[in-house]
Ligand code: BEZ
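Listed next as structure tokens is one chain, alone, in the form predicted on its own.
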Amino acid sequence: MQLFHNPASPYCRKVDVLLHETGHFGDVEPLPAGGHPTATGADANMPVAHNPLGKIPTLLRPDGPALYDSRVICRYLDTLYDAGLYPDHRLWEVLTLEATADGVMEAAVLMVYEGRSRPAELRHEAWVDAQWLKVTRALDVIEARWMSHLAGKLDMGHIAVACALGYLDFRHGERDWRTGRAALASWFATFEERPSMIATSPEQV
């Protein structure tokens, strides 16, 4: 299998962490991918021939068409390797927590794109603030409602939350998401020491 991939992407990191946790990291060949948010997708290092959205991660597999969206790819790999990261007895909770974490990633990535895509005089600070509000609301909900889940057996919700928090540190560290969220900060301090997280840290690549 091959994966259109960028180590700075929190969505790609989700896939990488899953592969490390399942012991199958070597099964997938990374295909370096990049691009600008306003790019046409015609660059050779973009997956538009396999994914019309031109987004990463995109997984090429030998037994079917390409898969894209990190949640689809992670669910596929979990099934392929019988990893149990989407357990039936709490499936909807895991999917909801993963969706919450992915929403944090989306808002945080859009904040980065606003700075990279627009000339300084055209940047919309109120829009950026609104994206950060989505992040803070989601983190507040995780702190208030999800810590008992995060204290349980590893599932895809754990991995998604950790990758989202890691991206906030990587791109928005000055905003200090930890203030007022002691339980979540303590959980992440432990989780980010897992070998899978250390190996996939964007600062390490």
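All values reported here derive from a predicted model rather than from experimental measurement. For every residue, the number given is its place in the sequence shown, counted from 1.
There is another form of this protein, the form predicted in complex with benzoic acid, and it is not shown here; the text below is about that form.
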item: Residue stretch of 106-114, 71-79, 122-130, 88-96 approaching benzoic acid in the predicted bound form, non-hydrogen atom distance within 4.5 Å; value: 106-114
item: Heavy atom distance at most 4.5 Å to benzoic acid in the predicted bound form, all of 8, 56 and 167; value: yes
item: Contact test in the predicted bound form: residue 171 vs benzoic acid, heavy atoms, 4.5 Å; value: yes
